[in-house]
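The chain below stands alone and is given in structure tokens; this is the form predicted alone.
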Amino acid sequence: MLRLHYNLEKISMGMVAAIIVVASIGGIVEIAPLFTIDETVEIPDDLRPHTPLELAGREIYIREGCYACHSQMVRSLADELDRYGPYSLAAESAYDHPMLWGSKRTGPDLARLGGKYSDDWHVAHLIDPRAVVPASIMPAYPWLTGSLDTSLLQDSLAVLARLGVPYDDEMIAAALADAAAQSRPESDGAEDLRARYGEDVPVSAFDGNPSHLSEMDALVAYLQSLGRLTNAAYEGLAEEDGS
């Protein structure tokens, strides 16, 4: 075998062809399961898509590179379960385009972040991380207090709908109104938002100022949604404990 490899190294085109063959086998092994993903991943009945405001926050999360330091996938290891909660299920990310599982943890995993801290904590942490976590190495994001650009929200929902996310025509048409209503608890539109996305959707003046729709509102709304779009992981853990 070593002699065969040695002789192959002396034939440049042969070596290139061998590399292509081996790389292709590896690619096929990784890609082939994706063709059966609809059969292997069962979408939970209670899984809801992100609201327009949460979706805008997700885009800010990607824009600011948060995914480079934070994963969103709890592994099925004892220490991770103790720290973060139930391990992540593929079905929880069924509506994510792209998925943000990640693999690098300069900061903690965020898959179960929703509801762990208050809105005020998130705002303070994003503006000045060291103010709430003295040892934090996370950069500050004070510019997130600026106004949120909602001009592409309807188009974003429409594109995701074509990819299989269950946004209907009513949701798409009401995207701008729903984004504003989610950050204004006392508004008439809050009930319409919940009628479309469910009673559990958090409605709050996320940045503390309900009269101004900011990027901070969107990002905090998104962070508060993480791990709260379905109860499938917690139900699965309860079944395992019962068995």
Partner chain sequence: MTGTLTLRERQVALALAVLLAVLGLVMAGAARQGVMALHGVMAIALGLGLAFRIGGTLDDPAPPRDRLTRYDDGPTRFGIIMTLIWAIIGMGVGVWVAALLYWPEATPLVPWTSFGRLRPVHTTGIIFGFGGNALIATSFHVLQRTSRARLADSLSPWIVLLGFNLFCAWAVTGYLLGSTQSKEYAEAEWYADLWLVVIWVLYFVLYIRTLARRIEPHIYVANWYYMAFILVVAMLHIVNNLAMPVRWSAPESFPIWAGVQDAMVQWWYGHNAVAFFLTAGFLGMLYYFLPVRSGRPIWSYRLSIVSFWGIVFFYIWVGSHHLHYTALPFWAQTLGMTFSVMLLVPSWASAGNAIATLNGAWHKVRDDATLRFMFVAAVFYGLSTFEGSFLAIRPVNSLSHYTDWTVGHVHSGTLGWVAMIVFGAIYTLVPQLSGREHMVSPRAVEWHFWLAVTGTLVYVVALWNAGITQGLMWRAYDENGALSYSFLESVQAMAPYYLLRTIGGALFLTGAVICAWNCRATMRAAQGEATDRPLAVQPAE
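Here, rigid core means the biggest group of C-alpha atoms that superpose within 1.5 Å across both forms. This is a predicted model, so every value here is computed, not measured. Residue numbers count along the first chain shown, from 1.
If you look for the form predicted together with its partner chain, you will not find it shown, but the lines that follow are about it.
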Exercise: G146 in contact with its partner chain in the predicted complex, heavy atom 4.5 Å: no
Exercise: L113 in contact with its partner chain in the predicted complex, heavy atom 4.5 Å: no
Residue contact check: W101 to its partner chain in the predicted complex, 4.5 Å heavy atom: yes
4.5 Å heavy atom contact, E9 and its partner chain in the predicted complex: yes
Position in contact with its partner chain when the complex is considered in the predicted complex, options E30, E199, E186, D45, heavy atoms within 4.5 Å: E30
Option touching its partner chain, based on a heavy atom within 4.5 Å in the predicted complex, out of A177, V41, A205, A195: V41
Its partner chain in the predicted complex: contacting segment from 62-70, 45-53, 206-214, 178-186, heavy atom within 4.5 Å: 62-70
In the predicted complex: members of 148-171 within 4.5 Å of its partner chain, any heavy atom: S151, L152, D155, S156, V159, L160, R162, L163
Shift of G27 between the shown form and the other one at or above 2 Å (CA, core fit): yes
